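Next up: just one chain, as structure tokens, the form predicted on its own.
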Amino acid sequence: MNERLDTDTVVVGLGAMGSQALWRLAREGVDVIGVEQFAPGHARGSSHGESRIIRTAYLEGAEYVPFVHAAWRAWDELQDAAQARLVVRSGALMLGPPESGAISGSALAARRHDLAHEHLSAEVLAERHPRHLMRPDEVGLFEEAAGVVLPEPAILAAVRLAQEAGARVLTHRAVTRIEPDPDRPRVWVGDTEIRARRVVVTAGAWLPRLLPGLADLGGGVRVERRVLGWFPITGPLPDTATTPEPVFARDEPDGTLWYGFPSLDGGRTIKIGVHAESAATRAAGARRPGSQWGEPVDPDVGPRPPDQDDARRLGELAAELRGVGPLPERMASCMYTMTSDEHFVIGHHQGSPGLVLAGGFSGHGFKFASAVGVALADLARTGRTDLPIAMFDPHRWDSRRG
């Protein structure tokens, strides 16, 4: 016999976004059930890896800055409630040619929103940030309002606080079907039927499978493999032995954008990863050994494990850092769930009545998770939010279709 549960709201997926939505709903007194197919803080999706960058001078677009401000406020609220450090304020260093996106995009956002920032020449970088080997024609941009979010502790804290506020949490239970309905949408977890007033779907790479009609948003939502590498620090540099190093993102002359984190493990390693490959690599269909651009992933299977090509590719980038070993001591695979314009999807979808959606975070969404949780809780409770999410409208592509 099927089991039936009734509630006000169901949250499907308790990763970065779902855990935050669950906590926000529960602390407002909403009767809410969260469903997670693995365990909160797992390493099967896109919300693991020990660290995520948060930065305010947003190179992906100045229009993101108000949402970053909202995220900072919401992270502070979660930290205060959890009584735990979930954000490390290290500052951020953008590096590259003056015309690169890392420099020009960050500078535009900083100017438009009057954000404190500092332009650094190659000579100043060599003096103040000796970790980085710079070319003569490269520059830097430093902003203090940046740092590191700790993903696994943040997710676990949000789920714990939600449970303490009364949320019911089903773990190691996969959602097999979601039935949209304007009044009482239904979620099936095996033989268990959950009926609710609203369903919040934050299923990451599984979103297109649970809601197949969303797979063609803007030309397609795709899931891609990425690899992270932790490289050993071979010795402290003079100016970094006692001062925390900033997180960084570096735009190579060929258009490769990669990033790194200061040591969070007692000075043992630096973590680096590739966000976007060069235009030439993309045009070649990602055939370069170690390239991760465009390699599709079946989320049920997961991304293939890191290999020697990945180690070599990341090692090429690590060679641009002083005092760092040439090979990673460990690596991890993860997934990016990409939209065609690489902006997020947050809101109601006309083809899915009774549902609130968030997905397609395209490799740069974790920093916003705290604010996304606020927005999703608002949308589930009242149908609207004051947070600036209009640019993430699921229907923004509609006018471009014939």
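Numbering starts at 1 and runs along the sequence shown. These numbers were taken from a predicted model, which means no experiment stands behind them.
Absent from the display: the form predicted together with a small molecule. The rest refers to it.
Engineer: Find out whether any non-hydrogen atom of His42 is located within 4.5 angstroms of the small molecule in the predicted complex, and reply yes or no.
Structural biologist: Yes.
Engineer: Is it the case that Val175, even though its partner is missing from this view, gets within 4.5 Å of the small molecule in the predicted complex, heavy atoms only?
Structural biologist: Yes, Val175 is a contact residue.
Engineer: Is there a heavy atom of His348 no more than 4.5 Å from a heavy atom of the small molecule in the predicted complex?
Structural biologist: No.
Engineer: Examine Phe261 and determine whether its closest non-hydrogen atom to the small molecule in the predicted complex is within 4.5 angstroms.
Structural biologist: Because a heavy atom of Phe261 falls inside 4.5 Å of the small molecule in the predicted complex, the answer is yes.
Engineer: Heavy atoms within 4.5 Å of the small molecule in the predicted complex: which stretch in 334-342, 25-33, 64-72, 349-357 meets that?
Structural biologist: The contacting stretch is 334-342.
Engineer: Only one of Pro328, Pro246, Gly204, Gly96 has a non-hydrogen atom within 4.5 angstroms of the small molecule in the predicted complex; which is it?
Structural biologist: Among Pro328, Pro246, Gly204, Gly96, a heavy atom within 4.5 Å of the small molecule in the predicted complex occurs only for Gly204.
Engineer: Could you work out which of Ile233, Leu210, Ala107, Leu161 is the residue within 4.5 angstroms of the small molecule in the predicted complex, going by heavy atoms?
Structural biologist: In short, Leu210.
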